[in-house]
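Starting off, we have a lone chain in the form predicted on its own, written out as structure tokens.
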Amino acid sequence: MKNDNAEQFLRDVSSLGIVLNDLQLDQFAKYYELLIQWNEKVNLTAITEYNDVMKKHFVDSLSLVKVCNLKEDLSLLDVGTGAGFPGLVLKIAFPDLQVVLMDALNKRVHFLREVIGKLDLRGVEAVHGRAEDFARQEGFREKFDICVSRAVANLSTLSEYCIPFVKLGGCFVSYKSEKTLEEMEEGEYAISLLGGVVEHQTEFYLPDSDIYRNLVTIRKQKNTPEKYPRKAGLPLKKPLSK
């Protein structure tokens, strides 16, 4: 990573217990360059300054190591991946992961596919579509060890999007940037209905910052009833509630 500011990124990553080789550092540098290039024509992120992208997108994405052992051979689905956060970042840092990146905007999927190609990544694909539709497909429903999402939505909605993809014993991890007490209270009904249980919340600050984060880990204990997720649009418009 040929950037004088990369030292902070390396310190942040090291504080998470992650060691990156030269190839991975070059891949992160190319990823950043492509992100900035594409962002001029496709709305990928409002955060573009190098240090901010490294910390608020890359390091934030990698914080999943606080709750998951990613050194194992696992399948991971990123719902509403946007510009590849966290799924593509995790794939670069943990090459053995089998990753699917899902987004409803085709332009973002085209960007992701270009990054995957330019970085010569294997075992990762970007798919275009809505979670409500993919969750009903045999190759996707209850097939993943881990489902993650940094998408901005309430926990009830995100749970209906994501829990159907998780295999029994697997987990859904929701990246949150604020306190979630009210969301948790409202979401517990939906989570239980969908076959999950809140295992723990992991609160922390990103390294060398006052940026608060909260990883909500939901374990899949029962199969999700066939009627969920509901048809496209309903989980967002009418979140599951008592």
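Quick note: we count residues from 1 along the sequence shown, nothing fancier. Given the structure is predicted, the values throughout are model-derived calculations rather than measurements.
The protein also exists as the form predicted in complex with a small molecule; that form is not presented, and the subsequent description refers to it.
Candidate site formed by Thr81, Arg108 and Glu132: every one of these residues places a non-hydrogen atom within 4.5 angstroms of the small molecule in the predicted complex. With the partner omitted here, the stretch from 135-143, 116-124, 100-108, 69-77 that lies within 4.5 Å of the small molecule by heavy atoms in the predicted complex is 100-108.
In the predicted complex, Phe172 stays away from the small molecule, with no heavy atom inside 4.5 Å.
For the chain shown alone, Ala151 is a contact residue for the small molecule in the predicted complex, at least one non-hydrogen atom being within 4.5 angstroms.
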